[in-house]
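Only one chain is given next, in structure tokens, and it is the form predicted on its own.
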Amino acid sequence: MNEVILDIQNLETNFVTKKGIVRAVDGVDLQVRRGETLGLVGESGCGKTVLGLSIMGLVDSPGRITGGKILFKGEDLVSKSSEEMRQLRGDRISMIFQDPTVTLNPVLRVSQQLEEVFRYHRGMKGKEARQKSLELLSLVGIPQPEERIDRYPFEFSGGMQQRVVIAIAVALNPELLLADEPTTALDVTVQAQIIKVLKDLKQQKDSAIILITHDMGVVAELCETVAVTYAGNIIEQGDLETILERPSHPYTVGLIQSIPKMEEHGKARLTAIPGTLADPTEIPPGCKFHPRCSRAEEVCKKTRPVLREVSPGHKVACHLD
């Protein structure tokens, strides 16, 4: 088995608001191995991005990590100083953020933003940093990199901007890469190109990847394992085939059923999950999903289920499994 590169233990990240405490990450346990791509899936607001930001040490006030450990190759990231995390970010751990128009600095040329990574972390200067930057643009599939490298971000299409963001994230061959909705707002053709870029990078670098998404189609394309999140908890985890073909938690079943399918007569049938996420400051007792669950019983309303192994490598947090 490949080594465990990331071991998250009982992680809690809270936000203090006027309405109360929001437990965005509520006791999460998760392991990721070298060379593995894990899909972190769930509806918007389930805590996926906050979990990623917690790993990166980028949770802004009024949020903060209030408990647990994030062990990266045995080092607890929670206990590291801001300067120590700056040294790690972009070097050994990196993140592809969701919106390239926010990630890229609009007043700096792409060459400046790429070369900065090599100057800060490797002490490279001049021609050496520029050559490395050109190689990266070519790696992520940007044509004529010599002609494009000195352009500003607004001179690139959305798909090309996302490739630049990926290039910056993988510049130093990070051992762990987090990708937060890397294909959101891109058309289908560009999505396919970005997925191919990530596949190629994984094969070449042997990095571990956490893919944060709500798109089960992208998960099926990229991931070997899946962790399903709901209201700050992981409620089901297993290999890709198990989660897609034999989901156990009612929420996971709902996510799979909500994927549009073409029927014989050419009409797409969509089955929605009833209800919406509860107010994060007013989480119901017991199983957090029980107000939306058609199978809920009395025990579900009183006792919160724990994540337990129901078959080798397959874990579910449900009283009814």
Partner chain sequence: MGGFVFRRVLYSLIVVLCVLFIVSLLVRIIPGDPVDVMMAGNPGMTEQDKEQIRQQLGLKDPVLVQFEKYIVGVVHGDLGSSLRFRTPNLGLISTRLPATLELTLFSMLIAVIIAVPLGIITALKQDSAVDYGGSVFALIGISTPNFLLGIILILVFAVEFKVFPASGQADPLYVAIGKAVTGQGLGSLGDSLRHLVLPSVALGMAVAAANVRMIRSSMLDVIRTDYIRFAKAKGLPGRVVFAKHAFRNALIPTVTVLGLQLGQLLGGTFVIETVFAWPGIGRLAVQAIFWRDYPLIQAVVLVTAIMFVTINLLVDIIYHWIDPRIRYD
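Residue numbers count along the first chain shown, from 1. The model shown is predicted, which means the values in this text are computed figures rather than measured ones.
The form predicted together with its partner chain exists for this protein as well; it is not shown, and the discussion that follows is about that form.
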Given that the partner is absent here, does M216 sit within 4.5 Å of its partner chain in the predicted complex, heavy atoms only?
no
key: in the predicted complex, P106 touching its partner chain (heavy atom, 4.5 Å)   = yes
In the predicted complex, does E181 have a heavy atom within 4.5 Å of its partner chain?
no
- Message: Test of understanding: in the predicted complex, would M95 fall inside 4.5 Å of its partner chain by heavy atoms?
- Response: yes
Are N10, R64 and E84 jointly within 4.5 Å of its partner chain in the predicted complex, each by at least one heavy atom? no
Note: its partner chain not shown here; in the predicted complex, the stretch from 237-245, 116-124, 217-225, 200-208 having heavy atoms within 4.5 Å of it is 116-124
Note: exactly one of R89, K80, K73, K196 sits with a heavy atom within 4.5 Å of its partner chain in the predicted complex, namely R89
Contacts from 142-163 to its partner chain in the predicted complex (any heavy atom within 4.5 Å), listed N to C, are Y152, F154
